[in-house]
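Shown below, as C-alpha coordinates, is a lone chain in the form predicted alone; questions about how it binds or moves come after it.
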Amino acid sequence: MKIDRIHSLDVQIDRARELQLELAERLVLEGGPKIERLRIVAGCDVAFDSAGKRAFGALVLLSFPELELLELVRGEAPLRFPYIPGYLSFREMEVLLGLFEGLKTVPDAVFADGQGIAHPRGLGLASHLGLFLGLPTIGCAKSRLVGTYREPGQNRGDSSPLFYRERPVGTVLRTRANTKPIFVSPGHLISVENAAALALAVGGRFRVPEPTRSADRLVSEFKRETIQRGLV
(Lines give C-alpha, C1' and ligand atoms only; values in the text may rest on other atoms or scores of the structure.)
Protein backbone atom coordinates (compact mmCIF):
# COMPACT_ATOMS: atom_id res chain seq x y z
CA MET A 1 0.00 0.00 0.00
CA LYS A 2 1.29 3.44 -0.91
CA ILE A 3 1.77 6.00 1.89
CA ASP A 4 1.76 9.77 1.46
CA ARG A 5 4.75 10.90 3.51
CA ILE A 6 3.25 14.25 4.48
CA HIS A 7 6.12 15.15 6.80
CA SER A 8 9.33 13.79 8.28
CA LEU A 9 9.00 11.76 11.46
CA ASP A 10 12.26 13.21 12.76
CA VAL A 11 10.76 16.18 14.61
CA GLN A 12 11.30 18.00 17.88
CA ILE A 13 8.51 18.82 20.32
CA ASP A 14 8.10 22.46 19.24
CA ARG A 15 7.73 21.45 15.61
CA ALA A 16 5.39 18.62 16.59
CA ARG A 17 2.98 21.11 18.12
CA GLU A 18 3.10 23.28 15.02
CA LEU A 19 2.48 20.26 12.82
CA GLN A 20 -0.56 19.19 14.82
CA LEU A 21 -2.14 22.61 14.42
CA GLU A 22 -1.30 22.75 10.71
CA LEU A 23 -2.45 19.22 9.91
CA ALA A 24 -5.70 19.55 11.86
CA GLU A 25 -6.75 22.17 9.30
CA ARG A 26 -6.43 19.58 6.52
CA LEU A 27 -8.82 17.04 8.00
CA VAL A 28 -12.07 16.21 6.19
CA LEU A 29 -14.74 15.40 8.76
CA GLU A 30 -17.70 14.39 6.64
CA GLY A 31 -18.99 11.42 4.72
CA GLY A 32 -17.22 8.10 5.03
CA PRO A 33 -18.02 4.58 3.84
CA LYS A 34 -21.59 3.34 4.14
CA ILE A 35 -22.04 0.22 6.23
CA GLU A 36 -23.78 -1.66 3.41
CA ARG A 37 -20.73 -1.09 1.18
CA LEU A 38 -18.13 -1.98 3.79
CA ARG A 39 -16.13 -5.07 2.83
CA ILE A 40 -12.71 -4.85 4.51
CA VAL A 41 -11.77 -3.05 7.74
CA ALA A 42 -8.37 -2.58 9.33
CA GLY A 43 -7.33 -2.32 12.95
CA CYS A 44 -3.95 -1.34 14.34
CA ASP A 45 -2.24 -1.14 17.71
CA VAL A 46 1.23 -0.47 19.13
CA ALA A 47 3.10 -1.77 22.18
CA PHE A 48 6.50 -0.79 23.62
CA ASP A 49 9.38 -2.54 25.33
CA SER A 50 10.02 -1.80 29.00
CA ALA A 51 13.16 0.19 28.18
CA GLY A 52 11.26 2.57 25.93
CA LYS A 53 13.53 1.89 22.97
CA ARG A 54 11.39 -0.19 20.60
CA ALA A 55 7.85 -0.03 19.28
CA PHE A 56 5.98 -3.15 18.19
CA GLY A 57 2.99 -2.92 15.88
CA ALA A 58 0.23 -5.15 14.58
CA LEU A 59 -2.13 -4.44 11.69
CA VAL A 60 -5.08 -6.68 10.83
CA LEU A 61 -7.48 -6.75 7.92
CA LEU A 62 -10.87 -8.24 8.69
CA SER A 63 -13.74 -9.12 6.39
CA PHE A 64 -17.04 -7.36 7.01
CA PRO A 65 -19.54 -8.30 8.31
CA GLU A 66 -17.94 -11.65 9.23
CA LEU A 67 -14.97 -9.99 11.02
CA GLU A 68 -12.70 -12.85 9.98
CA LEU A 69 -8.94 -12.34 9.64
CA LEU A 70 -7.82 -11.77 6.06
CA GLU A 71 -4.32 -10.36 6.50
CA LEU A 72 -1.87 -9.71 9.32
CA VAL A 73 1.23 -7.53 9.27
CA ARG A 74 3.52 -7.20 12.30
CA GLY A 75 6.75 -5.29 12.75
CA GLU A 76 8.92 -3.17 14.99
CA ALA A 77 10.82 0.10 14.85
CA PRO A 78 13.06 2.17 17.11
CA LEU A 79 11.42 4.82 19.27
CA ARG A 80 12.70 8.27 18.29
CA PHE A 81 10.14 10.48 20.03
CA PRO A 82 9.81 10.75 23.83
CA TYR A 83 6.68 9.88 25.77
CA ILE A 84 4.73 13.16 26.01
CA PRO A 85 0.95 13.11 26.53
CA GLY A 86 -0.85 14.66 23.58
CA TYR A 87 1.93 13.74 21.13
CA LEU A 88 1.72 9.96 21.16
CA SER A 89 1.08 9.69 17.42
CA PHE A 90 4.63 10.89 16.73
CA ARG A 91 5.85 8.03 18.91
CA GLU A 92 3.78 5.37 17.15
CA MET A 93 3.72 6.58 13.56
CA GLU A 94 7.01 5.09 12.31
CA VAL A 95 6.07 1.50 13.10
CA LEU A 96 2.48 1.93 11.91
CA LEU A 97 3.42 3.38 8.54
CA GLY A 98 5.82 0.50 7.99
CA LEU A 99 2.97 -1.93 8.58
CA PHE A 100 0.60 -0.19 6.17
CA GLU A 101 3.29 -0.11 3.49
CA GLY A 102 3.37 -3.89 3.79
CA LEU A 103 -0.35 -4.34 3.18
CA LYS A 104 -1.43 -6.15 0.02
CA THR A 105 -5.04 -4.90 0.16
CA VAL A 106 -6.37 -1.40 0.81
CA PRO A 107 -9.12 -1.40 3.49
CA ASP A 108 -12.35 0.58 3.34
CA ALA A 109 -11.85 2.00 6.84
CA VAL A 110 -9.14 1.95 9.51
CA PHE A 111 -9.75 1.72 13.26
CA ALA A 112 -7.02 2.95 15.62
CA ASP A 113 -6.67 2.41 19.36
CA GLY A 114 -6.62 6.09 20.26
CA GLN A 115 -8.24 9.44 19.57
CA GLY A 116 -9.26 11.12 16.36
CA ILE A 117 -10.16 14.81 16.63
CA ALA A 118 -11.03 14.45 20.34
CA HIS A 119 -7.61 15.84 21.12
CA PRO A 120 -6.32 19.15 22.56
CA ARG A 121 -5.12 20.28 19.14
CA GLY A 122 -7.54 18.23 17.05
CA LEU A 123 -5.00 15.68 15.80
CA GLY A 124 -4.98 12.41 17.70
CA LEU A 125 -3.50 9.19 16.36
CA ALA A 126 -6.42 8.30 14.07
CA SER A 127 -6.46 11.77 12.49
CA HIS A 128 -2.69 11.90 12.04
CA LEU A 129 -2.66 8.41 10.54
CA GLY A 130 -5.57 9.19 8.24
CA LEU A 131 -3.66 12.03 6.59
CA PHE A 132 -0.72 9.73 5.85
CA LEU A 133 -2.98 6.98 4.50
CA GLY A 134 -5.62 9.03 2.70
CA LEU A 135 -8.24 6.64 4.09
CA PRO A 136 -11.25 6.98 6.41
CA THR A 137 -9.94 6.53 9.94
CA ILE A 138 -11.76 6.17 13.26
CA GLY A 139 -10.35 6.60 16.74
CA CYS A 140 -11.69 4.18 19.36
CA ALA A 141 -10.37 4.97 22.84
CA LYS A 142 -11.14 3.31 26.15
CA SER A 143 -10.97 6.62 28.03
CA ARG A 144 -11.64 10.31 27.43
CA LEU A 145 -8.79 12.67 26.63
CA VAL A 146 -10.77 15.92 26.29
CA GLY A 147 -14.36 17.07 26.32
CA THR A 148 -17.59 16.81 28.26
CA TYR A 149 -20.56 14.49 27.87
CA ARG A 150 -23.60 13.03 29.52
CA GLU A 151 -23.50 9.36 30.45
CA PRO A 152 -25.32 7.36 27.75
CA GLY A 153 -27.97 4.75 28.49
CA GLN A 154 -26.98 1.24 29.53
CA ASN A 155 -28.10 -0.61 26.39
CA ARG A 156 -25.89 -1.57 23.47
CA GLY A 157 -25.94 1.26 20.94
CA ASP A 158 -26.84 3.97 23.44
CA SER A 159 -24.70 7.04 22.92
CA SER A 160 -24.19 10.70 23.74
CA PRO A 161 -22.16 13.40 21.98
CA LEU A 162 -18.71 14.36 23.20
CA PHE A 163 -18.18 18.13 23.13
CA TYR A 164 -14.92 20.05 23.25
CA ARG A 165 -14.72 23.83 22.95
CA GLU A 166 -18.43 23.93 22.18
CA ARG A 167 -18.32 21.61 19.18
CA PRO A 168 -18.99 17.87 18.81
CA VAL A 169 -15.73 15.94 18.48
CA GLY A 170 -16.95 12.40 19.00
CA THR A 171 -19.43 9.99 20.51
CA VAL A 172 -19.53 8.24 23.87
CA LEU A 173 -20.78 4.84 22.73
CA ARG A 174 -22.08 1.87 24.69
CA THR A 175 -20.92 -1.17 22.71
CA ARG A 176 -22.13 -3.71 25.28
CA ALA A 177 -25.01 -3.48 27.72
CA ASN A 178 -24.08 -2.45 31.25
CA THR A 179 -20.41 -2.02 30.31
CA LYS A 180 -18.27 1.09 30.29
CA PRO A 181 -18.64 3.06 27.03
CA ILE A 182 -15.87 3.74 24.55
CA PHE A 183 -14.94 7.12 23.10
CA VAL A 184 -15.23 7.21 19.32
CA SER A 185 -14.00 10.18 17.31
CA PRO A 186 -13.53 10.66 13.58
CA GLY A 187 -9.98 10.67 12.34
CA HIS A 188 -10.14 11.73 8.70
CA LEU A 189 -12.54 11.39 5.75
CA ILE A 190 -15.51 10.49 7.95
CA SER A 191 -18.15 12.29 9.98
CA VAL A 192 -18.74 12.12 13.73
CA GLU A 193 -22.00 10.25 13.18
CA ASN A 194 -20.64 7.75 10.67
CA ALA A 195 -17.59 7.03 12.81
CA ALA A 196 -19.85 5.97 15.68
CA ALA A 197 -22.08 3.89 13.39
CA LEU A 198 -19.11 1.99 11.97
CA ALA A 199 -17.57 1.45 15.40
CA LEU A 200 -20.80 -0.14 16.58
CA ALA A 201 -21.09 -2.24 13.41
CA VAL A 202 -17.65 -3.83 13.96
CA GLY A 203 -18.25 -4.27 17.67
CA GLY A 204 -18.24 -8.04 17.75
CA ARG A 205 -18.92 -9.60 21.17
CA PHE A 206 -16.65 -7.37 23.24
CA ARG A 207 -16.52 -3.82 24.52
CA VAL A 208 -13.66 -2.85 22.20
CA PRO A 209 -14.38 -2.98 18.44
CA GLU A 210 -13.05 -6.18 16.89
CA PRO A 211 -10.44 -4.58 14.58
CA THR A 212 -8.55 -2.89 17.42
CA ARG A 213 -9.20 -5.76 19.85
CA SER A 214 -7.59 -8.21 17.43
CA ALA A 215 -4.65 -5.90 16.81
CA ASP A 216 -4.12 -5.44 20.55
CA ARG A 217 -4.05 -9.19 21.16
CA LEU A 218 -1.71 -9.88 18.26
CA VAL A 219 0.74 -7.09 19.05
CA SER A 220 1.02 -8.35 22.63
CA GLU A 221 1.84 -11.83 21.33
CA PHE A 222 4.39 -10.44 18.87
CA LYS A 223 6.10 -8.34 21.53
CA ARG A 224 6.32 -11.28 23.93
CA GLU A 225 7.64 -13.67 21.28
CA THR A 226 10.22 -11.18 20.02
CA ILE A 227 11.55 -10.43 23.50
CA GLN A 228 11.66 -14.14 24.40
CA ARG A 229 13.74 -14.85 21.31
CA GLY A 230 16.15 -12.15 22.38
CA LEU A 231 15.69 -10.14 19.23
CA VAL A 232 15.53 -6.79 21.06
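Residues carry their position along the shown sequence, with the first being 1. In this text, all values refer to a predicted model and were calculated from it rather than measured experimentally.
Note that the form predicted in complex with the DNA isn't included here; everything after this is about it.
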Q) Thinking of the DNA in the model of the complex, which stretch from 189 to 197, 60 to 68, 22 to 30, 40 to 48 has heavy atoms inside 4.5 Å of it? A) 40 to 48
Q: Look up in the model of the complex whether residue 105 has a non-hydrogen atom within 4.5 angstroms of the DNA, and give yes or no.
A: no
Q: Determine whether any heavy atom of residue 223 comes within 4.5 Å of a heavy atom of the DNA in the model of the complex, and answer yes or no.
A: yes
Q.
Check residue 87 for me: does it contact the DNA in the model of the complex (non-hydrogen atoms, 4.5 angstroms)?
A. yes
Q) Does residue 114 reach the DNA in the model of the complex if we count a contact as any heavy atom within 4.5 Å? A) yes
**Q.** in the model of the complex, the one of 73, 93, 131, 141 near the DNA [non-hydrogen atom within 4.5 angstroms]
**A.** 141
Q) Of 97, 77, 135, 145, which one comes within 4.5 Å of the DNA in the model of the complex, counting heavy atoms only? A) 145
(Q) Where, within 116 to 140, is there a heavy atom within 4.5 Å of the DNA in the model of the complex? Residue list please. (A) 119, 124, 125
